[in-house]
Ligand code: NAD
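Heads up, the chain below is alone and in the form predicted alone; it's given as structure tokens.
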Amino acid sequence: MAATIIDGEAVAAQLKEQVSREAAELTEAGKTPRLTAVQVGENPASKIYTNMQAKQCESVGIEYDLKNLPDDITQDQLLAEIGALNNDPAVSGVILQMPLPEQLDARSIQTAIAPGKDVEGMGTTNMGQLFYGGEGCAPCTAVAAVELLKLTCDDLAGKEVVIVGHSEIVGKPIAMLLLQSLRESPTVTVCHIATRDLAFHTKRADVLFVAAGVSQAKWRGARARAKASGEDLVVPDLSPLISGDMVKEGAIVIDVAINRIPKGVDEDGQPLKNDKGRIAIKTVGDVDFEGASEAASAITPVPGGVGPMTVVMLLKNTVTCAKALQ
């Protein structure tokens, strides 16, 4: 059967309208939401992301500031900067841009962000609240993935849910979000790349979340090895982690991964190039979309699935934090 495509862009557009209305109400009350991003050093990829953040915030009426700090900043200096933002009543939310330079401890700095301004939900307080089912912001991607599931399936009680990936950003929080209810929660199994016989688990899943980023990791590793050795680049097998025959008939598949990998290889096994002589890149998930679509009842595309929802969840968390600061 042909799976229903879960259109993350359409759902995100609807949620964005709601966030915009709430931001306007706060502005009318003299409490304009304001998100401050902290960027340490120069990072081209991060710059693209912060530009996107600024544009998205502007589109819903959230003020956006980018605080650029030198790449040789010390741990204590950065903690002082975070402390100043925590104490600034005009700042509703703080987001720490990754990666950080090697001299900085990312976890302790993330934890230093005030829980009420931790829009990414990555601090220990908000993670603890998630574990206990309390209030607070949860990691944006995890919330986005679960929201798309709930819009597709409104009765999860007792269903078998398998999560492939156990990161603090996605896999673990998804599990906690699904286990909030005493009577209406599904049965959750968390797998990862070291799981023995992964197909055994995925084939029995009524709902399958996949967030391992295996193809991306393989590709980055191959490039790093080639650069270190000075030898020709050897493109590894970049096949999707989850093939179509690993998906249960009628399952709902939420593919969270975003892998930026070569479109293919030439007869010499080298990555195909575009018309500018650069490696031609495509964006795919961890799931064989075509194969899985033949078995699944519903599936998220990559791109166009969880990604757009993640962006809007950041905006939503910022407005939520602004409300709490009133």
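Fair warning: this is a prediction, and the values are worked out from it, not measured in the lab. Numbering starts at 1 and runs along the sequence shown.
Omitted from view is the form predicted in complex with nicotinamide-adenine-dinucleotide (NAD), to which the following refers.
S.K.: Would Thr141 count as a contact of nicotinamide-adenine-dinucleotide (NAD) in the predicted complex, using a 4.5 angstroms cut-off between non-hydrogen atoms?
M.R.: So Thr141 counts as contacting nicotinamide-adenine-dinucleotide (NAD).
S.K.: Does nicotinamide-adenine-dinucleotide (NAD) get within 4.5 angstroms of any non-hydrogen atom of Val94 in the predicted complex?
M.R.: Residue-level check for Val94: no, no contact with nicotinamide-adenine-dinucleotide (NAD).
S.K.: Is Ala175 close to nicotinamide-adenine-dinucleotide (NAD) in the predicted complex, meaning a heavy atom pair under 4.5 Å apart or at it?
M.R.: Close contact is absent here: in the predicted complex, Ala175 is far from nicotinamide-adenine-dinucleotide (NAD), nothing within 4.5 Å, heavy atoms only.
S.K.: I'd like to check something about Ile261: if you look in the predicted complex, is any of its heavy atoms closer than or equal to 4.5 Å to a heavy atom of nicotinamide-adenine-dinucleotide (NAD)?
M.R.: Judged by the heavy-atom cut-off of 4.5 Å, Ile261 is well away from nicotinamide-adenine-dinucleotide (NAD) in the predicted complex.
S.K.: Using a 4.5 Å heavy atom cut-off, which stretch among 164 to 172, 147 to 155, 68 to 76, 86 to 94 contacts nicotinamide-adenine-dinucleotide (NAD) in the predicted complex?
M.R.: Going by heavy atoms within 4.5 Å, the stretch is 164 to 172.
S.K.: Each of Leu130, Gly133 and Thr189 having a non-hydrogen atom within 4.5 Å of nicotinamide-adenine-dinucleotide (NAD) in the predicted complex: is that the case here?
M.R.: No, none of Leu130, Gly133 and Thr189 comes within 4.5 Å of nicotinamide-adenine-dinucleotide (NAD) in the predicted complex.
S.K.: Out of Ile193, Ala106, Leu179, Val234, which one falls within 4.5 Å of nicotinamide-adenine-dinucleotide (NAD) in the predicted complex, going by heavy atoms?
M.R.: The residue in contact is Ile193.
S.K.: Within 4.5 Å, heavy atoms only, which of Val247, Ile254, Leu241, Met122 is in contact with nicotinamide-adenine-dinucleotide (NAD) in the predicted complex?
M.R.: It is Leu241.
S.K.: Let me know which residues along 183 to 216 have a heavy atom within 4.5 Å of nicotinamide-adenine-dinucleotide (NAD) in the predicted complex, or say none if there are none.
M.R.: Residues within 4.5 Å: His192, Ile193, Leu198, Ala211, Ala212, Gly213, Val214.
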